[in-house]
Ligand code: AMP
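Take a look at this single chain, the form predicted on its own, given in structure tokens.
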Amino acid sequence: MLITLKQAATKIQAANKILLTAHIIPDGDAVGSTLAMLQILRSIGKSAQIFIDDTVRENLHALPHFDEIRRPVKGETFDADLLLILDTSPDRIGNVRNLTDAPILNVDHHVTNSGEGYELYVEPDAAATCEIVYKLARELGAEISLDAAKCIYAGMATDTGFFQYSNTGADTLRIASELVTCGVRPNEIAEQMERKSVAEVRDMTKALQSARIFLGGKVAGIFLTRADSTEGFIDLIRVIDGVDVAFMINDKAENFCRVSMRSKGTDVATIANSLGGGGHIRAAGCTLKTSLDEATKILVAAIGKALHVDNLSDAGTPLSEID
């Protein structure tokens, strides 16, 4: 059920012990929004704890209060009177749902989140859920500390490609400016968020070596096997001249492929939705429970259909073979 921001704030005010969570494969917005909300809730006298059912890439460990994020243990329960889910729908929080039977309040910015069966405040025009967290703090009358501001800024920056993507709007820049006024240093956040390990850089090299061009140069894809950290990899090919849709397939396990898509003009949320996933118009993803080769065929055919291209069986041309 869709609710207003004011109604979401009222529901939070009525709760005392709140369990916070976000989606598996957590990105900067998922982690930033939960960490910021943790601090905001505590500032208004609420008891709060974060559980995320996945590992978190190391560059996000530098965010304030990161060490308070817990991963659920099988059989564990948590006494809460509200489950506050940020940046995703309830079907993507893994085993966190088994921790409590508390009512759900969902705050999100993904257009594909329907709110069916739970209370949802969704703002598709928001660049990041962190942007909504900032507005929710104001609605709650809460002060935003410097630590909370850093977390909000980090989530907004990473979800907008450091304010380069088309989802960057006037509200986004206004809020970012207010966070800088709070004391956030954009250069420090950028350095933290862009930091990569040697292993990640090595994986990026492999990803570029795997790159292929499809459908007359309109589509580019990269292919990974068992890679854990893939943040920013898709941007390596999104910038190729003439490419509208870029995708990344991560062969995480046998017959289990995670797909990410980015576009310059095509509605990839609709494509992802047709394959059982979701997301934003310009950034979306899904999971395909099949082999890497078969997942590639399925995905390229779905993208080609959206682009009204006839050759849906295009096997792709390696980047190294293109002048």
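Fair warning: this is a prediction, and the values are worked out from it, not measured in the lab. Numbering starts at 1 and runs along the sequence shown.
Separately, the form predicted together with the ligand exists; it is not shown, and the next lines address it.
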| said: Would you classify R258 as touching the ligand in the predicted bound form, given a 4.5 Å non-hydrogen atom cut-off? | reply: yes
| message | Whether V56 contacts the ligand in the predicted bound form should be assessed with a 4.5 Å heavy atom distance threshold; does it? | response | no
| message | Please tell me whether any heavy atom belonging to A284 falls inside 4.5 Å of a heavy atom of the ligand, as the geometry stands in the predicted bound form. | response | yes
| said: Please tell me whether any heavy atom belonging to R92 falls inside 4.5 Å of a heavy atom of the ligand, as the geometry stands in the predicted bound form. | reply: yes
| query | Only one of H110, K218, R97, K135 has a non-hydrogen atom within 4.5 angstroms of the ligand in the predicted bound form; which is it? | reply | H110
| Which single stretch, out of 34-42, 294-302, 273-281, 58-66, brings residue heavy atoms within 4.5 Å of the ligand in the predicted bound form? | 273-281
